[in-house]
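Okay, so here's just one chain, in structure tokens, the form predicted alone.
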């Protein structure tokens, strides 16, 4: 199975999200082999988008989450609120939150722990900056992010976890990772997680690629067995481009069936 996660970020309001959700579901229509689809609209649109995706093949995801269930935390959204909205997935540790909004590994670990406690599927983002890659530190950086995110946590299986490898230097730049670079990192992520959770085979950990995913490069990523799917940002709010990415995933699934 291949998974496509649409991260709409802060690009659309409620009415636009409803229209985009309808268009996104249309990309699945008539296809024999369809990927797993997760739609992550802004918080304000979760309730309305839920009505659109209900009883469809798509799941509803959130773009962030508090590590607290409730309390005096102005502006935060808790996993308990997600339960009422039918949210099943949550993106945590996105590079924009790490590098623009100052989230630390410790904060992300608390969010991962709380999400798993509430039976949410975690989409954990990891990745290095250009300076770190130029210095040859990309493996060490990603390993540290992974180990800190799961510090102190016990996991019996990997079904509630996606790891999204998003090199920071590729996000929103139009410059995606080369396939060999991406494959090397995906293999490394699976190895690190298997060493951390020895009872879980490396093959069970699902690793996605994100970072300037477009119709032009989606197929070359998705056709690789080490790539379990893609996390799509800018192209996910451009329905024609997103349709082509879904088509690429369907072609891969058909070829593999």
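Just so you know, these numbers come straight off a predicted model, no measurement behind them. Residue numbers count along the first chain shown, from 1.
Although not depicted, the form predicted in complex with a small molecule is the subject of the following passage.
Proximity of residue 63 to the small molecule in the predicted bound form: non-hydrogen atoms within 4.5 Å are absent; the residue sits far from the partner. Interface residue remark: residue 40 is not counted as part of the site for the small molecule in the predicted bound form, having no heavy atom within 4.5 Å. Interface membership of residue 211, defined by any non-hydrogen atom within 4.5 Å of the small molecule in the predicted bound form, is confirmed. Taking the partner from the other structure, the small molecule in the predicted bound form has no heavy atom within 4.5 Å of any heavy atom of residue 138. None of 218, 227, 193, 231 but one reaches within 4.5 angstroms of the small molecule in the predicted bound form through a heavy atom, and that residue is 231. Among 185, 120, 124, 170, the residue placing a heavy atom within 4.5 Å of the small molecule in the predicted bound form is 170. Segments offered: 73 to 81, 94 to 102, 147 to 155, 107 to 115. Contacting the small molecule in the predicted bound form at heavy atom distances within 4.5 Å is 94 to 102.
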